[in-house]
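First, one chain by itself in structure tokens, the form predicted alone.
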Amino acid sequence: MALNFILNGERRSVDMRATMTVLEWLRGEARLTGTKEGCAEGDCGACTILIARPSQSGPTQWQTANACLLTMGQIDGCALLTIEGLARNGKLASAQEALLEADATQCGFCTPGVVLTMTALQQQGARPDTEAIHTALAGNLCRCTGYRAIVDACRDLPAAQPELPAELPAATDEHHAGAETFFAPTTLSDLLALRAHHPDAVLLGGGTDLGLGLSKGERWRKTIATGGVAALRAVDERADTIVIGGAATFTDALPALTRRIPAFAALLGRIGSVQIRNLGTFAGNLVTASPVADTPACLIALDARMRLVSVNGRRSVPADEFVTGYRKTVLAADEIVEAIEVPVPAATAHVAAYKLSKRFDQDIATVVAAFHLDEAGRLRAAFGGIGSRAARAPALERAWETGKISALPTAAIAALIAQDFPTLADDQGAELTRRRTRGSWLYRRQAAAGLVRRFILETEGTSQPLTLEAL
């Protein structure tokens, strides 16, 4: 069955492989070559496009996305805007005019992606502040300008809303091309039935991780996409809990977390770029079970629970039991993550989340540390990046209960962490103590101890949390 979408204001219906990346189709069959291929990994932003999808809350808006990671099946029933669709009737869009006036282009390779990022930024209102500009541009790499001229162009942007189609086309729930089948269910019951019948299929959320394989030529015989199930996109903000649907993106969840758990929200703001956060899902970040994933340590420290569901029923699993080892989880072959239930800390609790990486923006973590000190003085501490999975630190927590941890030297705190994380191992159990990709196990342990020291100073009121402006 054909894929139906709106491209630059025109309805399109194409019969093709649903796992082809949008970038490949745009530059190939559509011959819209303004969208560039730079890294093909969602890092450089040269392939940035705008996508409008059915919204679960509030009005539909254009969102930036990396075309190199997005599959054609994911845009079925959506609208796309590329650089070719901005200028109308011979008149440049205001973002394009702003770049020209600021003399903010040189080689021009990154410019189409930058323009579309600026266009999305205009939806937030006129004259965005410095933080909003830097956040928006973090996903667009420019090797020529040094960014100052681009930032200047952003400061003078008028508020604008690119025209949205009056109605999005209807999506179809199954696509076939050769030996490939792409399922796009719209109800939870259909999704669970498909998962039970095709446990070997790739379960596709946002694709910000799995899509890396597609951009490098990988082929999937069977795919089940979760993004069309409205019930899984919901974020329910309750009195004492935030319930994040299994297909909810980081962008979907950020408003509620910013209001209720700002430390967690600040960490989410460093997951990839806006383009990545618009597509990436909480469930995907968990299910990949990477030891350096950004969210698991926070969810463990906050005592969150994963609600898992299959055709056989539901079960609830504590966050610290969901990941069982390197790239391993408790998920059965027919199960999916239906929701993540995150308790809201008491107003008197102290919550902190730290990410140590080589770059502040858009980098994989070396160490993630999360702490929840409740109103009774009890500590839940969790770390990612030190062991084969994110986990609690019971020896550290017991030391905290003595009330004397602030007197311990950093080396002694590192020794406590070594009790909780005796080695860094891969899925075969091989030790990675000498791995230098982002730091050895010894370095990670010492870095984690430094983050504990920072948390101690902040809770004692002798230090203020580090902000972007302070860097």
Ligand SMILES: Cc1cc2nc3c(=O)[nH]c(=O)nc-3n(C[C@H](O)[C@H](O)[C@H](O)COP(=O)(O)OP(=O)(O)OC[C@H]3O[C@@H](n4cnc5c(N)ncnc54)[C@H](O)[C@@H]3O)c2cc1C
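From a predicted model like this one, the values you see are computed outputs, not experimental measurements. Residue numbers run from 1 along the displayed sequence.
What comes next is about the form predicted in complex with this ligand, which does not appear here.
Picking from 170-178, 118-126, 357-365, 397-405 the stretch near this ligand in the predicted bound form, with a 4.5 Å limit on heavy atoms, gives 357-365. Of the candidates 251, 285, 310, 388, 285 is the one whose heavy atoms come within 4.5 Å of this ligand in the predicted bound form; the others do not. Checking 210, 78, 99, 265 against this ligand in the predicted bound form, a heavy atom within 4.5 Å turns up for just one residue: 210. Of the heavy atoms in residue 260, none are within 4.5 Å of this ligand in the predicted bound form.
Though the partner is left out of this view, residue 271 does reach within 4.5 Å of this ligand in the predicted bound form, counting heavy atoms only. In the predicted bound form, this ligand sits beyond 4.5 Å of every heavy atom of residue 417. Though the partner is left out of this view, residue 276 does reach within 4.5 Å of this ligand in the predicted bound form, counting heavy atoms only. Residues 336, 337 of 335-350 are found to place at least one heavy atom within 4.5 Å of this ligand in the predicted bound form.
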